[in-house]
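What follows is one chain in structure tokens, specifically the form predicted alone.
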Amino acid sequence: MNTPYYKPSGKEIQVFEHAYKNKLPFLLKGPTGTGKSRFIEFMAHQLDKKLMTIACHEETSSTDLIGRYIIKGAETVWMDGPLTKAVKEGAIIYLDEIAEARPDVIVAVHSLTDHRRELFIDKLGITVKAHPNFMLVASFNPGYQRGFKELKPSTRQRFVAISFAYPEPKIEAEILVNETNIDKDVAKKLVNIATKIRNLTELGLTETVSTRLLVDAAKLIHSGLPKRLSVHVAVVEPLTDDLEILTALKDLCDLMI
């Protein structure tokens, strides 16, 4: 398998390696599309470890992660969930947007995030000790979650944490060129558009332009879709449904590319 492309913006690689060495759980904080998932894929590849990713949402329960009884033929058999498999096999498990999951998920992983490093399987009445190579990684978006979607301080303090932000313009342009083979000048213009929109805080956007959206726009442009149309559909439209803001953003982008 080819190494996933990842451009570091700080000391995150060294921090992750030391967290892994010391068997410490790891928390990635930051907005959507800043490279958190790509970073974990890259690190799993670097460490030559199996990676299991769970995209958490409001219906994600501890049962989904730990396992459940299923009916197979005439009998009922237990089936391990991804978290149990990772704990037994010594894989890296990545709980993406952990704050979105139901509260029982946080409760279930608590004993894996301290000195015990063990998982209690309530339905089987057993405790499984984590394999020495097991690592728990989670991510959450502090700017997006509100109220009950926040991670409690008592949970956050169980992790080594690192904040992800949008890359510096030069690095972000480099990422676009590497990911899509787009022309450098066009990559710079796309990054300038993103920077401008990110600074328009008065628009009150829930999410702003992520590197992921820029990559999508660059792919469309590289495949031959007109530049302005590519920016409209890949960058502006996903941001909002407000017609006035959409029109203003499209006009702004048209001037910049």
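So that there is no doubt, residue numbering starts at 1 and follows the sequence shown. Since we're looking at a predicted model, the values are computed, not measured.
Another form, the form predicted in complex with a small molecule, is not on view; read the next lines as being about it.
Comment: 5-13 is the region of 230-238, 19-27, 245-253, 5-13 lying near the small molecule in the model of the complex, near meaning a non-hydrogen atom within 4.5 Å. The shortest heavy atom separation between T32 and the small molecule in the model of the complex is within 4.5 Å.
Remark: E179 counts among the residues lining the small molecule in the model of the complex, judged by a heavy atom distance of 4.5 Å or less. Using a 4.5 angstroms threshold between heavy atoms, T63 stays clear of the small molecule in the model of the complex. Under a 4.5 angstroms non-hydrogen atom cutoff, the small molecule in the model of the complex lacks K189 among its neighbouring residues.
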